[in-house]
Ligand SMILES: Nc1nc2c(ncn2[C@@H]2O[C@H](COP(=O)(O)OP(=O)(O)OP(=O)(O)O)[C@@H](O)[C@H]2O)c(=O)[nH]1
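Listed next as structure tokens is one chain, alone, in the form predicted alone.
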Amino acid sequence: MNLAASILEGNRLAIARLMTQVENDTVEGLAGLEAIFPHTGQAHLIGVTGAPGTGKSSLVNQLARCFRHPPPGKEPCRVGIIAVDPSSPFSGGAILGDRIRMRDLAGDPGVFIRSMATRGSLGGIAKATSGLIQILDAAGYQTIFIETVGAGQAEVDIARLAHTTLVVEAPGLGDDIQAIKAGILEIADILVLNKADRPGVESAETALRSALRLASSNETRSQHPEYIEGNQADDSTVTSNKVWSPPIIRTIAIDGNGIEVLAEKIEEHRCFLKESGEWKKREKLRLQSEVDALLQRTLMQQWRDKMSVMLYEKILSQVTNRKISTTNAVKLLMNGDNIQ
């Protein structure tokens, strides 16, 4: 049996092997992704982002347990977790320590955890993250969590990748102005105020509500222009006119407090996406973003393969000596022209 067929049957060893090949950008990895791609598109992708120290890993751990052991009357689902850790700019290595906080899930055959390094990628996720998601999707994992590195306000790439984006905040990590800065909050489908037992939780929630009101005043949201904004001060979600207002959920992940409520909101958002048609729109935007990124990398590699190293160094030297501008340098390199 080939690797792709084993993955479709849920073979964990085959899943891990293909993931490694995809991360290493091998020919076998690309062939495997091509073989399983027709079997993807079923999983609910949940992005979990926020600043370092907000408790993202502990939150994902508790959410995974909740989805695996739901309340009576609900079916458990298979859960995949992709935890992205930053790579060192000096050694190139990464600790990959998020799984340490997910020890409770060890031994559960319905949970697959994969840590991966950014390998120089910016925006909170790695270049190969999308490929790993496809593998888990094809293997039958219905819910996939993608935990980003926690870069901060500019970490918005996850919104292009996930169906539902959780932005995790915590009291005591900054003043009110810090909390309402535009950027990362505007990609939130659900705002999670974790570590809610800390002092200052009331003022933190007030600041977040102010941020949501500011976001709702924009005509377009940074990553979700298809949204129709509702009353952000209200925690209502699915409404008759298909409006989703991001709710604020208080949690204490280390104790499991508020996790069931958060899981219910995630399910509500999934239902909203399906019923309103936003699921298909986000799938299209997600795949378009992936195609565009792959196209950029491919064109760049093709350009490098054709470009003379001597010419490149010569033009770069001219830029360094301030004889030509960076704009003119790009024009020369694109045209393959020589310079004197």
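The first residue of the sequence shown is number 1, and the count goes up from there. Because the structure is predicted, anything quoted here is derived from the model rather than measured.
Beyond the structure shown, there is the form predicted together with the named molecule, which is absent from this document and is the topic of what follows.
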Can you tell me which of 50-58, 310-318, 66-74, 27-35 lies within 4.5 Å of the named molecule in the predicted complex, counting heavy atoms only? 50-58
Given that the partner is absent here, does residue 113 sit within 4.5 Å of the named molecule in the predicted complex, heavy atoms only? no
Interface membership of residue 269, the named molecule in the predicted complex, 4.5 Å heavy atom rule: no
I'd like to check something about residue 251: if you look in the predicted complex, is any of its heavy atoms closer than or equal to 4.5 Å to a heavy atom of the named molecule? yes
Though only this chain appears here, would residue 194 touch the named molecule in the predicted complex if you measure heavy atom gaps against 4.5 Å? yes
Taking 4.5 Å between heavy atoms as the contact cutoff, choose which of 82, 79, 187, 149 touches the named molecule in the predicted complex. 149
